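Below, in structure tokens: the form predicted on its own, a single chain.
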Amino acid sequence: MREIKTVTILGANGAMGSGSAGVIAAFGGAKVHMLARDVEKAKQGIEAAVASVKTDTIRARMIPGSYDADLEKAVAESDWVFELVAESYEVKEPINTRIAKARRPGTIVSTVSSGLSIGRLAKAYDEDGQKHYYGTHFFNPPYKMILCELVTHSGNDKKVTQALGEYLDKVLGRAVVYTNDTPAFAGNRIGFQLMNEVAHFAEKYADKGGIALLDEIMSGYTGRAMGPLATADFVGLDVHKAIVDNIYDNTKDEAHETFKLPGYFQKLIDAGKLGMKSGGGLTKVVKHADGKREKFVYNIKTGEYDPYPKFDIPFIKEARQKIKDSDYKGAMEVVKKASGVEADIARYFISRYISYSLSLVGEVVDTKENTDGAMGFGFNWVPASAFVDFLGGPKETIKLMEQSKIPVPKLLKDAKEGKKFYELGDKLDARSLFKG
């Protein structure tokens, strides 16, 4: 792989395009062609890139341009072409056709796609182009979220893959996770499985607190800063739908039915209630005349918004205190021993998360460290392997799964007792991801 001195960013005015460009210019020291639909949008992208990395020194290395006037010239002199246009084949494939005609042999081309087939997108290129075509799925915002899923397909060259991975890691400071070309790759496949099944449980328990109850049960003591449904609201229900629909249509694993979009999600999407970006979705915040803000939550049964409730669930309070005291295994002991429907739900989803993460080793990734890295660095969730240790090891985890009627993955059955299961501790302290 050539040294990367010049890069073209396609989609430079978007949040991902400008954020990625900032990282590449700041850490990689590269000259960056910033291309958008018109030059003014490209200039806006430059300003956003500068702001994202908080340094003005990169401005001189960033050149604004448009697709119509500048794409071929920029691509011809680039060592890496990073495409970050809209997430659809209809938009990406015509752009790839143009890139393929202009690129030099040896130029890396990649897409930021979060789930489209990299093999299909690579078909626009000749043999050399396919060898150098990848998915480089950065997470937003790139300056703060350092995960990059490096997605390979059958036409790639292993030496190029290794060199690109080392560049992303050593030069750009990415936490590189290697994934195969499967729907939604690793992070989104695992994360949206949990989020979507939690959404189904919210409907099942709509008369007991619904959305708010499930996010309370799956709050920070279960290893995430934001509840799964709050995360869906943050991402956008339309984006959530696109991801789970893609997985549902193109996979057939044991969790297949959990990817079916809940009916109330579709109802909210049809009404334009897409989440935080539209002013409301699963929740909304209302500012009253006196300036005070009040949070409301969607009532699945009535279709109205109710004041967001507070809960007093004893085992959750006890587990949170254990987390505050840095007793992470103690917190999991509380969860394991607690009684009641809320504790049953917590145990079910902790088991499901571990099981599904580990079940993807072999199909989606080659090692559990890749799924662990995807969830730890990409979602800020405690990785599945770390949960195994916090629960007391493989035998205790298997016991929890069997109690919750969750499939036990072979990787866990074959694990040796008494040995640490989580192996990314030198790169990511999983304890820091719990919230008390």
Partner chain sequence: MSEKVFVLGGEQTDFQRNWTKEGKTFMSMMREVLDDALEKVGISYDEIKRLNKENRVAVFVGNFDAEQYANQGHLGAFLTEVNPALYGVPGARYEAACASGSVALDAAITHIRAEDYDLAIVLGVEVMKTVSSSVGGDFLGTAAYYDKEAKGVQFPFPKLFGKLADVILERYELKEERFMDALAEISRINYANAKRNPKAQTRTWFMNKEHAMARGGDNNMAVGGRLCITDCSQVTDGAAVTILASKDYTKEYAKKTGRKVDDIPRVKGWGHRVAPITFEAKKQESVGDKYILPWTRQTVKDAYKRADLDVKNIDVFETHDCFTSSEYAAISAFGISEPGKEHIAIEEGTIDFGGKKPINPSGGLIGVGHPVGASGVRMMLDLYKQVTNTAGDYQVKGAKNGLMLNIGGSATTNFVFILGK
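Everything quoted here is computed from the prediction, not taken from an experiment. Numbering follows the first chain given and starts at 1.
Just so you know, the form predicted in complex with the partner chain exists too; it's not on screen, but the next bit is about it.
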Can all three of 31, 92 and 419 be found with a heavy atom no more than 4.5 Å from the partner chain in the predicted bound form? no
4.5 angstroms heavy atom contact with the partner chain in the predicted bound form for residue 84: no
Tell me, yes or no, whether residue 399 is in contact with the partner chain in the predicted bound form, where a contact means a heavy atom of each within 4.5 Å. no
Looking at the partner-bound form in the predicted bound form, is residue 27 within 4.5 Å of the partner chain by any heavy atom? yes
Answer for residue 50 alone: is it within 4.5 Å of the partner chain in the predicted bound form, judged on heavy atom distances? yes
Listed range touching the partner chain, judged in the predicted bound form by heavy atoms within 4.5 Å, from 247-255, 138-146, 186-194, 211-219: 138-146
So which of 72, 325, 366, 304 gets a non-hydrogen atom within 4.5 Å of the partner chain in the predicted bound form? 325
Which residues from 417-435 come close to the partner chain in the predicted bound form, meaning a heavy atom within 4.5 Å? 420, 426, 427, 429, 431, 432, 434, 435
